[in-house]
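A single chain comes next, written as structure tokens; it is the form predicted alone.
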Amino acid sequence: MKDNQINQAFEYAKARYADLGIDVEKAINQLDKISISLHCWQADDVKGFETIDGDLTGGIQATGNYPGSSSTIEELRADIEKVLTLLPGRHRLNLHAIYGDFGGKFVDRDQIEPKHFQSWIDWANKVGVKLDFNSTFFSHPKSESGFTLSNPDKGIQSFWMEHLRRCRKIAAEIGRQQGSPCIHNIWVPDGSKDRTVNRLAYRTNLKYALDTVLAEKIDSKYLVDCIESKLFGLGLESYTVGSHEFYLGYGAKNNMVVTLDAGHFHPTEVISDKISSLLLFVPEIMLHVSRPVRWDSDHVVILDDELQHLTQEIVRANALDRVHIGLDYFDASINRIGAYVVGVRATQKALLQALLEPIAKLREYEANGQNFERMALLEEAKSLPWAAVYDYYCAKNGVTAGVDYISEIQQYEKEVTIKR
């Protein structure tokens, strides 16, 4: 798109929104302060850099065989750097523990240390991103039974408790060095393929493990722990130890951040409706934004209704400072760089639309019982020229606007990824 086209469209949009009392420049400035945490595992289909061979376990699966996935740290970092050139704003990168720089040697998960992530910290500082972190409780011989932290075998449970301890220390060191809290997400895929008669026992084990490890207090200037639930996983269909009720209760009781993943609930549930409730009982929320099709299929995020409802709830609750946004999908059937860019841009577009909503007038209508007027304004807001504002935001940040990024990704594929 040409600069004069972008500027003309923006001035028109600015005037349209001004008629409704909306300050477009203010909305852009707010959007510019929102960092989205990109997930490193889209680039390599959740393989990581351990030397353990085997398929994904823990109820997750990457599908597709599109060429060009990254297989080394250098390739992964190059892909992320390319993605960042196509995104306006400053963002974060979310690492799983299996993505350490292990120097080609096997380091078991109860032995990982901050030194294995020092090159990531140095790289992130160089390219200007902050890092977040995840413990990795899947795809390991000691997780094959389906139970890790909740395992009745004390030896296996202790192994995973040590992994969690070390992940917290790694995340804290990341936070210390980057001068920004590292968000450490704890997702435990424990569960059973068929019915169990020990539901309470496994959950008691999980609570004990979490209580014991989290009892070690680490300064929140460096580390923010959050806990994530799931409905079920492939091969774990009948019972999940860490259910929503478990972690909601645990988070509320312990004043912890609770993670909501868009795909981790029943197909008829949406996480947008849960935000206003959780905000009353937990200090902050972490979002893992994906697009479930039928269920937790981790499709690439697009600008669909639920994404817009999700961002609207955050903005309407005035909770931008209490809700962290990260992406969580892995599509191996399409260009992986393109998957990143489409997902992040869709999330930003949804946020921008929410920031440009005529909320004051909508609330006035609602308070007065003017339900027709509220409905009409909500409908009209859908067709306001927000896209012109997003194009301007891209151009202002020196980033390709409109569909022009497609050719840039095609060129990168031709020059880099297709040769792998």
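Don't overthink the numbering: it's just position in the shown sequence, from 1. Keep in mind that this is a model prediction, so the values were computed, not measured.
The same protein also exists as the form predicted in complex with a small molecule; that form is not shown, yet it is the one meant from here on.
4.5 angstroms heavy atom contact with the small molecule in the predicted bound form for Y390: No, Y390 is distant from the partner.
Proximity of K230 to the small molecule in the predicted bound form, heavy atoms at 4.5 Å: K230: yes, in contact with the small molecule in the predicted bound form.
4.5 angstroms heavy atom contact with the small molecule in the predicted bound form for H96: Output for H96 is yes: heavy atoms within 4.5 Å of the small molecule.
Contact label in the predicted bound form: T148 to the small molecule, heavy atom within 4.5 Å: No, T148 is distant from the partner.
Listed residue (L31, A354, L38, V46) with a non-hydrogen atom within 4.5 angstroms of the small molecule in the predicted bound form: In short, V46.
Candidate from F138, Y202, Y222, Y250 lying within 4.5 Å of the small molecule in the predicted bound form - any heavy atom: Of the listed residues, the single hit is F138.
Location of the small molecule contact in the predicted bound form, chosen stretch of 181 to 189, 344 to 352, 120 to 128, 237 to 245 [non-hydrogen atom, 4.5 Å]: Contact criterion met by 181 to 189 only.
Direction of the Cα shift between W295 and A317 in the predicted bound form, where the change is 3 Å or more: Their C-alpha distance grows by at least 3 Å in the predicted bound form.
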